[in-house]
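Listed next as structure tokens is one chain, alone, in the form predicted alone.
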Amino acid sequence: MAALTAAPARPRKLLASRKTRVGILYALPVVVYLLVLFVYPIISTLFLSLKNADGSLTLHWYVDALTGVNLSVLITTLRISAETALLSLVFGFILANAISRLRPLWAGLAMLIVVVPHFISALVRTYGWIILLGDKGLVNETLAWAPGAPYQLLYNELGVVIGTTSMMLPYTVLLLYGVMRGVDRGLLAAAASMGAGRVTIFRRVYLPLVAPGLASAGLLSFILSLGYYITPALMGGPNQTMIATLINQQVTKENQWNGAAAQGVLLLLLTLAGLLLVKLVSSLGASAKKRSAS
């Protein structure tokens, strides 16, 4: 009896080992791809940021990145990214909320209008904003009757924030639309049937349900804005230099690869911190939904 029961065990082990070998064989190209195109460049950049000209290890480049002009550039980057995320949330919330209340056909058409410009080159869209916001552009021509016209809408922080917000808005609308479309409208109707007003329903029922989506969309806009280059470089002035522009200047004009590598590592750490926050917010939102469902 023991021999009969032990006989099938060996074929099962052989089959499992064969599946393991096949899985490793299929995964090997992916692993090599990630190592060559992602892991190796990151490690190389990290070592470059820790090297002196003579090859010795140092933290000088990180100290330099967090002091003086470089620190002010980092603060400017964080400030403009935060302003972009906030404005993207405000306008994205209004748009996504309006679209989520439409019938599926009209909602699909509206989302198409929001998303299609995103497939146009960022450079083309940026030049479009430069034409619109210039002294002789459509905006200033329309507001020619207003006191103080023409307004300076380019080569300052206002112009940069307008441009970056327009670039981030499709991401925000897409995220918020998915969250808002999934809200159970029966909960809102139940709150209304119990005598709650519109403001109370929005504040006590609707807003908590979409809050995780708001946090994720805001953090995503903030993360994407941190490393944005084209729009701030073309629509901003010297006081709106962001970290991506600084890295480009250090590499192309100053030939300072070590300092640029340190700036890049700092940008990577900020991005990773933002992604961890997004994951934390998503997990908290999922647990909150489970609690409300139970």
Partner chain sequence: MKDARIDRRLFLRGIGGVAAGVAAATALGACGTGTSRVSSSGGGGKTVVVRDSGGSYGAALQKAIYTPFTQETGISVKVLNLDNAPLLAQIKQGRPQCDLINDSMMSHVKYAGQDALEKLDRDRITSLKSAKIPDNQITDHAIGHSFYGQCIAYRTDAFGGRKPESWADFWDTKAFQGGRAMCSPDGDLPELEFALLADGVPMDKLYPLDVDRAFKVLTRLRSEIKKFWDSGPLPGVLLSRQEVTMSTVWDGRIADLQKQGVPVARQLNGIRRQFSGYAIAKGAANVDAAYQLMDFSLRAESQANLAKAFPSNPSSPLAYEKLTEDERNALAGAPQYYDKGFDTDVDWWLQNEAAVTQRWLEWARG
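Residue numbers count along the first chain shown, from 1. Because the structure is predicted, anything quoted here is derived from the model rather than measured. Here, rigid core means the biggest group of C-alpha atoms that superpose within 1.5 Å across both forms.
Another form, the form predicted together with its partner chain, is not on view; read the next lines as being about it.
Within 4.5 Å of any heavy atom of its partner chain in the model of the complex lies no heavy atom of Gly108.
At a distance threshold of 4.5 angstroms between non-hydrogen atoms, Trp257 is in contact with its partner chain in the model of the complex. When its partner chain is considered in the model of the complex, Tyr155 lines it closely, a heavy atom lying within 4.5 Å.
Contact annotation: Pro238 falls within 4.5 Å of its partner chain in the model of the complex, judged by heavy atom distances. Residues in 78-110 all lack a heavy atom within 4.5 Å of its partner chain in the model of the complex. Core-superposed comparison between this form and the one not shown: the C-alpha position of Leu48 differs by no less than 2 Å.
Relative to the superposed core, Leu86 shifts its CA atom by less than 2 Å between this form and the one not shown.
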